[in-house]
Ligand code: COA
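First, one chain by itself: the form predicted alone, in structure tokens.
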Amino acid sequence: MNYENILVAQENGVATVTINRPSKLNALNKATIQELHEAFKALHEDAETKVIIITGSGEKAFVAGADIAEFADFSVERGAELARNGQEILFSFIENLSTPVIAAVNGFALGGGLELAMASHFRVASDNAKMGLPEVSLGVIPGYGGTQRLPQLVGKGRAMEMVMTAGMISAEDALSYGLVNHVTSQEELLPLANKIAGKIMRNSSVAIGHAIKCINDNYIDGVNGYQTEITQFGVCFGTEDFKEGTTAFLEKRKADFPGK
């Protein structure tokens, strides 16, 4: 499929989705959000795709925010609809994929860009990365899950400070906060993400999908994550991956998971 605002490349089970609007610092507009949804949906449904890496083109930005010109004149109702649709189409959609998603954050990850990175299952960053939620400086708040996911990752106090000050933090601060898992040079960012993807692909994709659901359920009000774990643990026993994994262990060989 051809896209106007993103690039998709696949190699050896890893798909790399690159937001490609460098003249706009890869800002998210409605069309880009829709294209990302379509790309992630197609990749998730492709059995050959085991891990997805999302990044931004150029050296300046992962995603520098939302395209403000698109919604500057919105009403209360249209503003709420913008947030609702964005969360459903892209941000919550990515978070709940059973295919692992790694955000490779290069340069600015601001507003919707940081929210996109936080919706991914985890993040790696280049040492020039700058991250923040500057929405209150525009008289609005994060609307794509930022007020919820940021405190989950860095704690309530740090999230309050980041949102209230509208400031940016460095990659090293993001690492110390627990917002990103690793920091490396810009040149080594994608190689590092691919290296981690390779480690993920050694394991059962089916089991990983169940684990993602269990971890996510821990953060949903009214859902007992422990019960989800019990249920999903049992489900694993009926999979071909479980049979292969346990048989390989007992036979002292490397497992060749069928992904079923």
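Everything numeric here is computed off the predicted structure, so don't read it as measured data. All residue numbers refer to positions in the sequence shown, first residue = 1.
Quick note: we don't show the form predicted in complex with the named molecule, though the next part is all about it.
- For the marked spot (S23, A64 and D67), a heavy atom within 4.5 Å of the named molecule in the predicted bound form is present in each of the three residues.
- Taking the partner from the other structure, the named molecule in the predicted bound form has no heavy atom within 4.5 Å of any heavy atom of K30.
- In the predicted bound form, at least one heavy atom of M168 sits within 4.5 Å of the named molecule.
- Taking the partner from the other structure, the named molecule in the predicted bound form has a heavy atom within 4.5 Å of a heavy atom of L110.
- At a distance threshold of 4.5 angstroms between non-hydrogen atoms, F122 is out of contact with the named molecule in the predicted bound form.
- In short, of 147-155, 128-136, 92-100, 170-178 it is 128-136 that has heavy atoms within 4.5 Å of the named molecule in the predicted bound form.
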